[in-house]
Ligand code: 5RP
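As structure tokens, one chain now follows by itself in the form predicted on its own.
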Amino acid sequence: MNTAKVAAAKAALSHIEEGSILGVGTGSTVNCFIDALAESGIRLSGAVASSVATAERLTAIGVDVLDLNTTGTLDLYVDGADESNPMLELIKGGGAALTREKIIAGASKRFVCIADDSKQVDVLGAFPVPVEVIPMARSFAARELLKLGCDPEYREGVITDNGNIILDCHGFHISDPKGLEQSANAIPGIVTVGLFALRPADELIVGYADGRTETHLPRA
């Protein structure tokens, strides 16, 4: 058990309103959150899941998984991150669920990110930026991403829940996350890029190995 991830996950429970519809992300820290949700006794009207794996975990604990098209705007989205800078701009998509994560984040009034302390960085880019790409555009998109200053690598054997592939972009030192997100998203064939800068987190809950948590708001 990762104490830091569990601590951050449990701290996020205080943001949930009884009877609400919750957006739920994907990843190991989110799995801790779902486990904590099951133990908490909080009753939800349902949840919108960012991946098939998350939907299965939620169903297993008795939460109704809903289609975002039927729910309207969500009050709260809880998800993890692979990196977060002080503005709470994120790199996400290590679990290949970035497109649905970005959709749910955009459809939510509040996005609470949960992470262990290793995910905090001053400048994004040490973790490779995942990019979801339509299969026929793989080589073209890789050439265009190379022009933006990275070394794109095809993630072998991974097909997203949307039927697409992932290119992991190594070597970025991201001084302008919003600008890079816009530039990458403009490349034909790219579904979305795993930069969450245009819609960053509203709050970051950081967990530590000793069980402590800290809450961070975006740096002004």
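Residue positions are given as counts along the sequence shown, with the first one as 1. Note that the structure is predicted; figures quoted are calculated from it, not measured.
There is another form of this protein, the form predicted together with ribulose-5-phosphate, and it is not shown here; the text below is about that form.
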Residue-level question: is A96 within 4.5 Å of ribulose-5-phosphate in the predicted bound form, judged on heavy atoms? yes
Can any non-hydrogen atom of D82 be found within 4.5 angstroms of ribulose-5-phosphate in the predicted bound form? yes
Could you confirm whether K102 comes within 4.5 Å of ribulose-5-phosphate in the predicted bound form, counting heavy atoms only? no
Contact label in the predicted bound form: S28 to ribulose-5-phosphate, heavy atom within 4.5 Å: yes
Of 102-110, 73-81, 144-152, 131-139, the segment with heavy atoms within 4.5 Å of ribulose-5-phosphate in the predicted bound form is residues 73-81
Just give me the residues of 112-132, first to last, that have a heavy atom within 4.5 Å of ribulose-5-phosphate in the predicted bound form. K119
